[in-house]
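In the block that follows, a single chain appears as structure tokens, in the form predicted alone.
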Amino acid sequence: MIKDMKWWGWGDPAFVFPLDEKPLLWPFIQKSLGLNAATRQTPPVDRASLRLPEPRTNAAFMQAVQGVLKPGQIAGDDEQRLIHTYGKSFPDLFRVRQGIVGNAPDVVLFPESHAEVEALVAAATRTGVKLVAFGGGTNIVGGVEHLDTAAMRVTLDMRRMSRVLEIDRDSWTATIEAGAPGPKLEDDLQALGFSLGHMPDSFEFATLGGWLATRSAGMQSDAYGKIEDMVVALKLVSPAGTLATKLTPKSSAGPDLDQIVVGSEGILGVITEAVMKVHPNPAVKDYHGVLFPDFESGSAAIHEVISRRAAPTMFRLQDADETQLAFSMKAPSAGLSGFIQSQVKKYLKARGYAQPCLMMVGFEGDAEYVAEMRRKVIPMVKKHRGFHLGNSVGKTWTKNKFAVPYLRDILMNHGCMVDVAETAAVWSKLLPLYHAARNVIKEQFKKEGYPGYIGCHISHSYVDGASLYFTFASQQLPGKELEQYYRFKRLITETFMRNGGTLSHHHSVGYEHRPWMEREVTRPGLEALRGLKHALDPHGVMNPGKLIPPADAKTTSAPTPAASIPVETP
């Protein structure tokens, strides 16, 4: 069964973040953001008052659709149109919570086979309709919003194409339909004894096709790689026809077309299935907590372990601010347990752990492999003043790892801006970039006159570098909420670019990052992307306005994304 997220926020409509079970959390948030009883409340508009624009209809296209799909695969009701209007970035949620839904699709279609997708793309190409492929709707850079205002706008929800089509037990590969959401994909593979092992924060809702289209990274990518490292072959339905790559382990037959499709964000066509590397389902999953006196020590520990080719399944190092947030989510211990913890805190504080940084380190595999890796890695992190907390912290983290994004809904109800920004850099530039980004955002908090929060963690590590994932929050400026958000977005993105970071490590480009693309890939690189777009989608049917800036776009030293983004008023 397809599981839709709530229209006004993140995640399962039935799930409520358990704030009352975390008595330390709200006081921490109030102090960090300067909230009090007088802080304005900003709930979403009442659903009954929300009005979507009248849908436009391309009669020739809809006639073709009705010849391909069953009535139950065609949805023109306001509920489905609303759910498919936006992704889940801060500006997406801000607008929908204000009742701004002018870019809603005109109809949502639910194909159930590769052949149906081929027929729909061909019909759209003939009739001038615009198509956006939609997985779970978790995109946070504007990647699923319709921007074309003239043609009929159609969203293809791919989640009815979610089967594991074939398992090759000798080759450890699985052929999977691209609409498979994370939980179903893992359940189906694990029933066959295998796992993909790709678990980003969006795991509960995002799909295989969405991961491939955005070059996603999962929490366990240190061991299993990012999604582009897992793909072996795929099928892409483009307006020029179906591109199907060959199933082989490696090839030198020209540029790798799999890697051209991966990260293309739906602008070249619709990914319908992929052959993915899988591995036997791990018998043991063992996650541990380690405390460091500072971010530099934890970073050095990761660097040494990775350099010695002893990478665990996961490293996740939180800086001091993000560690404080994590500790505030823990229920305080009482009795003997509470006394012991208080003594440990005193001991650590006296030895330089006054503002500690928490690392989660995970090991997956059979019992022998996990024990061997633990014996290698834990002593190495201890060399860098890592204080081993054991695996009880890991069990708590594993239990709560998908709940944190729900906290943003609560903060938005209290007039707060909350969003994330991520990048990656080589080791020699990683810490200078980290400090530069923190400093520029903290300085902006001072300029705006509100206290704010910025935390960061290293989420994915490589021999040559690592990624940095920042979360920032502040009270909103009433009446200037989006301008304020894009000011912060521009500042942190500019800081990434000027300090050797990539524009995006795993959140992709959409339209939010589009103004910086020429600086990321150079003008010839953009021309190459435009050439690919023209070859596979000459009439601009697929996901218009994403990834590639217009040919006449001006490049400045400090692009302003807001200037190129359609911002409607209620």
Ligand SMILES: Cc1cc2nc3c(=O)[nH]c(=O)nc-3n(C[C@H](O)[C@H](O)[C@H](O)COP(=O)(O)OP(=O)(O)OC[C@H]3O[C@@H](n4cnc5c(N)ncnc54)[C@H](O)[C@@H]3O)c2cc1C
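In this text, residue numbers run from 1 along the sequence as written. If you're wondering where the values come from, they're calculated on a predicted model, not measured in any experiment.
Only in words, not in the display: the form predicted together with this ligand, which the text now covers.
Contact annotation: this ligand lies within 4.5 Å of heavy atoms from the stretch 194 to 202 in the predicted bound form, the single such stretch among 304 to 312, 194 to 202, 70 to 78, 444 to 452. With the partner removed from view, the residue among V290, L317, V121, A133 that has a non-hydrogen atom within 4.5 Å of this ligand in the predicted bound form turns out to be A133.
In the predicted bound form, this ligand sits within 4.5 Å of a heavy atom belonging to I271. Put simply, G143 is close to this ligand in the predicted bound form: some heavy atom of it is within 4.5 Å. At a distance threshold of 4.5 angstroms between non-hydrogen atoms, P405 is in contact with this ligand in the predicted bound form.
Remark: H513 does not count among the residues lining this ligand in the predicted bound form, judged by a heavy atom distance of 4.5 Å or less.
Contacts of stretch 194 to 222 with this ligand in the predicted bound form, defined by any heavy atom lying within 4.5 Å, are made by P200, D201, S202, A206, T207, G209, G210, W211, A213, T214, S216, A217, listed in sequence order.
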